[in-house]
Every structure is written in structure tokens, then in C-alpha cells.
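Encoded as C-alpha cells, the following chain is the form predicted on its own, with no partner shown.
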């Protein structure tokens, strides 16, 4: 924020991107009432999904992305040596030493779209949406789970810089992988999309990042929902495993690191 004009330009760019993205789906829903027959993702349900995507991505881009992008520079310049010598966990220090405040703009946009969409769902007839305090708590909790999964993917990609020397394609890999999480998982669960559904649900679980919290809020869990409960439970398992595996990858990468003085 030291360079104020640059900060304002970044904020304006983020707002413009979000507004165009929102406008695009307004156009889409002017031609159809839902994304997929019997998927449950109507216009405002999907806008809850879209807002959830922005909230999670804004957290990652604010607190993690700028640090992960600079990890290869720490290796190239030898400044990783200084991080290793500090009396604090290296992964924590590398992951959260800088904050990109302008990226929070998308989060505020997402919060606005979320409140608007929920108000529309709450006033619909004949089945208005009713949110309980437990639903809101679960939503916030699974937002954290989604952010943790994306962080795990990001730190794993960043750790490969130790083996590759420089990983300038980090953001490209990140975009390609997380791009699948921006759409409801139901659209993949058929035809040739099934391999993608399996890969990005059970191997690299990016599909549960947004789908679980958005579905919890737009269509809260009921006792008769036989598939939503296992999905919510799997999201917890996927979060724990993602953090565990990414920790193993980061530790293995550090063991391969040769300091600038060696």
C-alpha cells in the first residue's frame, strides 16, 4: 500500500473483473433458469456459489499467493538461508510473510453478492430459504477448509522450485488446476467429464473447495440428504490429507535444498 496509485489501480482492476464476471452470468441466466437440469443450481444458488469462490480466492490471493510466487526468488538469491535460520517454522514464515491487501477487494465483492443472493433466496416463494445459526457456522468452517485445500496445492507447487531451480509457471499451474473448482461439480459427473470428476474430487480435491460450503448455504443439509453428509465428511478428510501431504512435500523439498553458502 506504499505505492497508493498502484494499490488503487489493483483494487479497481479486481472490482472490474468481478463486475464483468457477475455480468456474464446475469447474461447466462437470462437464457436459462438453472445450470443443468435438476442440479439445484438456480440463478441465486449459483450466485452464492460464485460469491463463495471469490471469498476463498481472495483469502488465498491476499495471504498466500504473493509469498508462494516469491519462493523461487528466495532460492535463487539464497535468502532462503535466512528463513531457515529464524526460530520459527519455515513453512509458516514462507507462506505468510507478506499480505496483498488489494486482493481483499474480491472478498468484499463476494460478500456483497452473497448477502444479495441470500436475501433473494429468503424471499422466494413458495419455498423460502431459512438459515440456522449452525448452517452459518458450518459455512464459515468449510470456507476455511476450502482455503486450506487451495493453500496445500499452492505450497506444494511452490516447493517444487527447490528441485526445478525456478518455477515461473507456478501461477499457470495454479490457474489450470483451480479453474475446475469454479463450477458446480455436477457438471463433471457425466460422460467424458467423469475422469475429471474423479481426479479433482478424490486425487486433487479442488472440486470440494467451493461446492461444499456453497451447497451448505444455498441448500442446507437435511436429514434426508443421503449424499450431502458423506460429501461434507469427505471434505474434512480431504482438508486434513491435503495439509498433511503438502507438509510432506515441503519437508522433502527442504531436505534437497543446498544453501547459498554450500
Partner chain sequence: MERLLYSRALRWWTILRIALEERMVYRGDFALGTLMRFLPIITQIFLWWTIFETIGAEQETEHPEIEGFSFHDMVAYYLLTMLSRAFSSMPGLASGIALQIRNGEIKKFIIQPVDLVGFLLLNRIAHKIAYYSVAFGPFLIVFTLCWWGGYFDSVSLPWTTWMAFLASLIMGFLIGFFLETAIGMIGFWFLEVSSLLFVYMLLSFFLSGHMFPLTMLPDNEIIGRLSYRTIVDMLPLKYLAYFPAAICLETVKGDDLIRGLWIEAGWLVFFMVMCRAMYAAGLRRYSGYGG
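Positions refer to the first chain, counted from 1. Just so it is clear, the structure is predicted and the values come from calculations on it, not from any experiment.
In what follows, reference is made to the form predicted in complex with its partner chain, a form of this protein that is not presented.
Asker: Can you tell me which of 120-128, 179-187, 79-87, 142-150 lies within 4.5 Å of its partner chain in the model of the complex, counting heavy atoms only?
Answerer: Result for this chain: 179-187.
Asker: Going by a heavy atom distance of 4.5 Å, is residue 203 a contact of its partner chain in the model of the complex?
Answerer: No, residue 203 stays farther than 4.5 Å from its partner chain in the model of the complex.
Asker: Just to confirm, residue 198 within 4.5 Å of its partner chain in the model of the complex by heavy atoms?
Answerer: Flag for residue 198 set to no.
Asker: Give a yes/no on whether residue 132 approaches its partner chain to within 4.5 Å in the model of the complex, heavy atoms considered.
Answerer: Because no heavy atom of residue 132 falls inside 4.5 Å of its partner chain in the model of the complex, the answer is no.
Asker: Is there a heavy atom of residue 173 no more than 4.5 Å from a heavy atom of its partner chain in the model of the complex?
Answerer: Residue 173 belongs to the contact set for its partner chain.
Asker: Which of the residues spanning 13-32 lie within 4.5 Å of its partner chain in the model of the complex, based on heavy atoms?
Answerer: Heavy-atom contacts to its partner chain in the model of the complex: 13, 16, 17, 20, 21, 24, 25, 27, 28, 31, 32.
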